[in-house]
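What follows is one chain in structure tokens, specifically the form predicted alone.
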């Protein structure tokens, strides 16, 4: 199990401060959801957590060890990252792409574990098919499988529900909650506030590069935060034991 500590993290890209002074402690056993309007800094913050961007200030520590100075192989063993761009360079069979997520296993064991995860994601019939011949939604699930087979302590996923239909979106979020329940630290960005309200243990609200607040959905999805960050009017309620978010647009300024 691993804890990820962010201390005054700032990132400047092209002369603009895209992430500014973010401090947060992300603990194992929880599913954290990053939300915020376009350009809020969600993708940049995830890349900073994974040490894929240079920090202009602050530190990211994994169990008190600086992520920036960790050897790449050690960092990769602890962190599994899913980028928003779903590009795949080679037309490998789906099972081989998914198996890349567990390089510590023998090739045969890695393929067995990858096939089991593809099966859980409804892809057993295309496991031997080249990824270039799959639909966008199928390719997205193959790349998700590559993360889900990983034994990493921390999962960082940038918009993991892209190209998935509503049923598979919920299924993937259930799988990610299962990984968190196993003791992992799971962090993902979402545009869908309804799903964030339903599935998040804690929500990280980003706005203009800053972490406005990190708290439970009941606090984040308040009238004040929804109005200021999203120009939305909303109400979070509990229906049959589940959190439900009702939203409506406010007049544009």
Partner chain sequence: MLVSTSALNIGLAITTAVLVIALMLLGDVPLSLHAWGDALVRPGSVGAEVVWGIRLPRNLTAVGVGAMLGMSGALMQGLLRNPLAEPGLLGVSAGAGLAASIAIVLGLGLIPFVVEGFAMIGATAIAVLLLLFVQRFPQRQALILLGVGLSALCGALMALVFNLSPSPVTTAEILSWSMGSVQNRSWFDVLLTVFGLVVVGALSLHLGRGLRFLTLGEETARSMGIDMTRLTQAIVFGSSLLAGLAVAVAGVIGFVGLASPHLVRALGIKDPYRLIWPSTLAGGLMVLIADGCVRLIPASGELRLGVLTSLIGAPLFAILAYRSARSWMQD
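Numbering follows the first chain given and starts at 1. Everything quoted here is computed from the prediction, not taken from an experiment.
Missing here is the form predicted in complex with the partner chain; even so, the following discussion is about that form.
- Of the stretches 116 to 124, 91 to 99, 161 to 169, 175 to 183, only 91 to 99 has residues with a heavy atom within 4.5 Å of the partner chain in the model of the complex.
- Only one of 152, 110, 143, 157 comes within 4.5 Å of the partner chain in the model of the complex through a heavy atom, and that residue is 143.
- Of the residues 57, 215, 68, 52, just one reaches the partner chain in the model of the complex with a heavy atom at 4.5 Å or closer; this is 52.
- Proximity to the partner chain in the model of the complex holds for none of 191, 226 and 234, with the criterion being a heavy atom within 4.5 Å.
- In the model of the complex, the partner chain lies farther than 4.5 Å from every heavy atom of residue 137.
- Put simply, residue 47 is close to the partner chain in the model of the complex: some heavy atom of it is within 4.5 Å.
- The partner chain in the model of the complex comes within 4.5 Å of no heavy atom belonging to residue 106.
- Residues are counted as partner-facing when one of their heavy atoms sits within 4.5 Å of the partner chain in the model of the complex; in 116 to 145 these are 132, 133, 143, in sequence order.
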